[in-house]
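So this first bit is one chain, no partners, the form predicted alone, shown in structure tokens.
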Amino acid sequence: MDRIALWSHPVTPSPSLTGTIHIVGAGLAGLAAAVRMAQSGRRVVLYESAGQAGGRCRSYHDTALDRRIDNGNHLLFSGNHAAMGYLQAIGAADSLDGPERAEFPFLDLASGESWTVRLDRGRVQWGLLSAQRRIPGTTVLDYLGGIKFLLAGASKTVAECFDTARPMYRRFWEPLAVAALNTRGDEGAARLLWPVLRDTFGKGEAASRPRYVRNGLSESFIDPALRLLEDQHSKVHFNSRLKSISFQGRAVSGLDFGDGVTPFAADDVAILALPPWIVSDLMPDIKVPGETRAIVNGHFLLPHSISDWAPMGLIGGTAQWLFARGDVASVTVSAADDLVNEAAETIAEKIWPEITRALNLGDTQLGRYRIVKEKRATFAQTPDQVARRPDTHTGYKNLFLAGDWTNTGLPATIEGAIRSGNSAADAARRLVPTG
């Protein structure tokens, strides 16, 4: 199980532990690596080019809505052990919400049909024998299709594994692929979906319960981590953009953040938790994915607050997932390379009728909104780009990589980002000797 130990009090770096861990990038991968290293008693210095931590996973006050919103919506599963372990380590394990059972409501905007995917408590889903428990138009055999992800070769796309004309593809496999891979089903790498199914639905209902932040991404994933690092006497430098890396042989000898090279001691280690295109600029000899895919998130002010609302999957429209927190409804559109180039007003006018339909708001007029575009939200998770994912180890003895785009075996998700940070921290921890 990929857990991080929870310390009950600050740990001063021990003089018997030599070497400083320099972590560049304070997104989730970098924070996970920093937390893991700091809690083991290592000296940690974290650098971030922006004025705040979190990267694509953070919250902020939006002036258009006069509300605090997330820059993106994220749905986790109770079986995401790396993410749950990270939250436990930073003291935020109780900051997520979610139903007591694994339930996923869907609405087909084209047909008007609605259904809820519910899992039985055991691993064998006997409820699928009942047509009323299945997705409309599907058969029991449709649900066995997940094994195709395990058997898929490295070049197979999701669409190539299924009969795309069947309702099961349109109403389950394709939405799953787009949400997890941020890539269309006809180009997304099928093999990446197997660990998603294996670690959640494959382990039964208890590992498959949806989880989402109660207050905000920063309140759950970012702010508690920064407080822990401060308590552990780690240093965090914002507005520090890495300009170049110095090498001596096959080892990093220094980092330059624009004010001269910071030299490395003999046992210092660097972890780059940066986007792939920045790593490529800094180190052209490292092969990285070169293509990206966009995500569009929309946040809409509602006429009244919504309570006890579970995220809903939307089929057949523009929006794909609908979240509601208080009087703000938020939607996510993944694999949105075409949509991202449209004007925010056009996007809002497309999405708002879908929200009013899902929330039974009648003819409520479009009010205040905010459209957030992430043109390079993730790397393109196609077979050829997946083949370009680098490992944690770089070939330089004291330099490691972290990021959801590295070779985690998982899609580019929160779980993958945190797992990559853990892996980089573990590699660095094995390298730095003790006195």
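Owing to the predicted nature of the structure, the values given are computational and were not obtained by experimental measurement. Don't overthink the numbering: it's just position in the shown sequence, from 1.
Absent from the display: the form predicted in complex with a small molecule. The rest refers to it.
Novice: Answer with yes or no whether Ser240 is in contact with the small molecule in the predicted complex, where contact means some heavy atom within 4.5 Å.
Specialist: Because a heavy atom of Ser240 falls inside 4.5 Å of the small molecule in the predicted complex, the answer is yes.
Novice: Flag Ser423 as yes or no: does it have a non-hydrogen atom within 4.5 angstroms of any non-hydrogen atom of the small molecule in the predicted complex?
Specialist: Contact check for Ser423: no, nothing within 4.5 Å of the small molecule in the predicted complex.
Novice: Mark Phe400 yes when one of its heavy atoms lies within 4.5 Å of a heavy atom of the small molecule in the predicted complex, and no otherwise.
Specialist: The answer is no: Phe400 has no heavy atom within 4.5 Å of the small molecule.
Novice: Looking in the predicted complex, any heavy atom of Ala92 within 4.5 Å of the small molecule?
Specialist: Contact check for Ala92: no, nothing within 4.5 Å of the small molecule in the predicted complex.
Novice: Checking a candidate spot here: are Met312, Ile355 and Arg368 all in contact with the small molecule in the predicted complex (at least one heavy atom each within 4.5 Å)?
Specialist: Checked in the predicted complex: no contact with the small molecule for any of the three.
Novice: Among 24-32, 37-45, 61-69, 389-397, mark the stretch whose residues have heavy atoms within 4.5 Å of the small molecule in the predicted complex.
Specialist: Single hit among the candidates: 24-32.
Novice: So the small molecule isn't shown here. In the predicted complex, which residue out of Ile351, Leu274, Leu192, Val158 has a non-hydrogen atom within 4.5 Å of it?
Specialist: In short, Leu274.
Novice: Of Val196, Leu87, Leu181, Ile295, which one comes within 4.5 Å of the small molecule in the predicted complex, counting heavy atoms only?
Specialist: Exactly one residue meets the criterion: Ile295.
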